[in-house]
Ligand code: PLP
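In the block that follows, a single chain appears as structure tokens, in the form predicted alone.
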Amino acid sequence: MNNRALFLRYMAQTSPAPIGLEIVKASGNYLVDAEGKKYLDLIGGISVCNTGHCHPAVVEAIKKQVDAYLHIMVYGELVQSPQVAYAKMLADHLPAHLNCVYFTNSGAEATEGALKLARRFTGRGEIVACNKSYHGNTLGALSVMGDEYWRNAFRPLLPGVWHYDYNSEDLVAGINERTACVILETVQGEAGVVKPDPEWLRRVRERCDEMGALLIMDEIQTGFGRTGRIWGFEHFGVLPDILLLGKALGGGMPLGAFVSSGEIMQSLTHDPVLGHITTFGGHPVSCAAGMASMKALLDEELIDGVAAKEALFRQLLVHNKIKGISSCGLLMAVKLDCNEDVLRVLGKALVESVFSDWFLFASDCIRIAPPLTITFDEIRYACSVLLKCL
């Protein structure tokens, strides 16, 4: 049996028709398959590889940490220098009150931890979330996901979760004295790159303060320069009580985190003790890789070029079959007539060595979320391919 057949036989599948490319190497902005064909990567591992695939500094940091130690003890008992150094680096680039980091294995686990933290700190049980939101696929994260198609097959889920439209006044009104937290994406990704109205977001913040609820902002997909700022919330002038991180946090290694103030996070240390624990969260190799990636992101000033690259995509992607483009930096949704058109274009683009994807709640849109290292010439090539395929 070849590797594709083995993949279909032994790997748990998540859809009836996986793409099934066998990738043997990834470097910079490209993937290479088993036949040696190179693909320009327009999704970067779903907003993971912001500094490109296998950035040399990230690879070197991984090798160095592997020579020192791997897993040594359950999270939270021993001082592990990669965790400490990366937590400090994150705090140094966040607002002063977001100074305490809890590392997890993934963004979904960060969501789980944040929901527990909000309920523990406030002593309340209800949660306000958004329709067409995505925060992960574990049961708690699924409970706050904003689409019944994805939730229904796995009920019963968490009780007391109320969903409202993003940017709606109904959501603001739904925050009350029983609300532990409001959880929302700073920019809705899977909905097709939907930005918040800044005034609405400020009203959400004010209503949370008035009612004593915590505001959780999910930057799992928008963090680390994806939007043209280090953090997406910098565009809108509103700060969260709890911040969710993942994807690019690990520089290509599995890593997530929820970040809050020391005061709020302290509530997980008592009644009960070990209020939230993880065996592998904040693995030293992942933290070393993530810190090297963030340092490269800043040192190479990759964020500074995001706005111009976004503008070039928007300038070039003009076609009578393109119904609109929603974007926030290098997170873009190119709207076509229907999902069938999207799948047809993606299939043709793959033949032309361009790899892209679609969105869960906007299946009529092509996803563009390349490494931030993508060059202007590569953008021109990608757009020429997409236009040809259209």
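Note that the structure is a prediction, hence the values are computed from the model and not measured. When you see a residue number, it is the position in the sequence shown, counting from 1.
One more form of this protein should be noted, the form predicted together with the named molecule, which is absent from this view; the next part is about it.
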Taking 4.5 angstroms as the cut-off for heavy atoms, does G250 touch the named molecule in the predicted complex?
no
I'd like to know whether G107 contacts the named molecule in the predicted complex, with contact meaning heavy atoms within 4.5 angstroms.
yes
So in the predicted complex, is the named molecule close enough to G136 to count as touching (4.5 Å, heavy atoms)?
yes
Might S143 be said to contact the named molecule in the predicted complex, defining contact as any heavy atom within 4.5 Å?
no
Mind telling me which stretch in 282 to 290, 257 to 265, 228 to 236, 127 to 135 gets its heavy atoms within 4.5 Å of the named molecule in the predicted complex?
127 to 135
Proximity to the named molecule in the predicted complex, single hit among L117, I220, V193, V204 (heavy atom within 4.5 Å):
I220
Note that the named molecule is not shown here; using its position in the predicted complex, name the residues of 354 to 390 with a heavy atom within 4.5 Å of it, in sequence order.
none
